[in-house]
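In structure tokens, the next block holds one chain alone, the form predicted on its own.
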Amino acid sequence: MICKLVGVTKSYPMGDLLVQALRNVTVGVGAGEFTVFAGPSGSGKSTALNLLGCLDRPSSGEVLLDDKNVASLSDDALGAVRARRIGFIFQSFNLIPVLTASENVDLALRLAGVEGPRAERVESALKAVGLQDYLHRRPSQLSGGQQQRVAIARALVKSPAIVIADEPTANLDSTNGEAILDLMREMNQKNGVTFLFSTHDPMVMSRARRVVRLKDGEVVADEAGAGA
């Protein structure tokens, strides 16, 4: 297993109440998987991915990355793990408006501590997502689908072991959504990158090789996806 939640509970205070987002969840993900965490709003799917992506800590239990419990790491150490080992693709793209496409992608390498010449690596990443002619355009000069491609290039340029994609098609029309999913599936098959999705979009689930379904903070099904 490349990453795993072991007996994880995650609680959040809400006024005088303590809301349990996850309840004693154990689920592992193997290297090279193309897996969807599915469920309605409030099911715990985004919380599970945030924990696997080292963006949050469990209230109890272990979060394993390469068999190491990262839940006990310091904030700085967790940040280093995220920068070097995990790529993120968000539904809102999260590109920096004043930076060009190549500068947004290059920033991921700088944050990962990559030294020396990076331009060729950045250009190669943008070429892989079909944006070799858009290197110097800012996000406002790109369509939604193109912005999401920049976000994918940014996630993949540092050769991460895992890519976390939270509702990656939510702000895209069906044509762009299909193209983005085809691209990510190609990256998964060609380069063996592990993709983990949080979604309730049937189009995303139709591509998944595995679907982990959550409800009320618990795993209620773990089954082969239509893309298996």
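This is a predicted model, so every value here is computed, not measured. Start at 1 and count along the sequence shown; that's the residue number.
What follows is about the form predicted together with a small molecule, which we do not show.
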In the predicted complex, residue 202 touching the small molecule (heavy atom, 4.5 Å): no
Can residue 14 be called a contact residue for the small molecule in the predicted complex at 4.5 Å between heavy atoms? yes
Please run the contact check for residue 40 against the small molecule in the predicted complex: heavy atoms, 4.5 angstroms, yes or no? yes
Just to confirm, residue 44 within 4.5 Å of the small molecule in the predicted complex by heavy atoms? yes
Partner absent here, but in the predicted complex, which of 24 to 32, 188 to 196, 45 to 53, 168 to 176 has residues with a heavy atom within 4.5 Å of the small molecule? 45 to 53
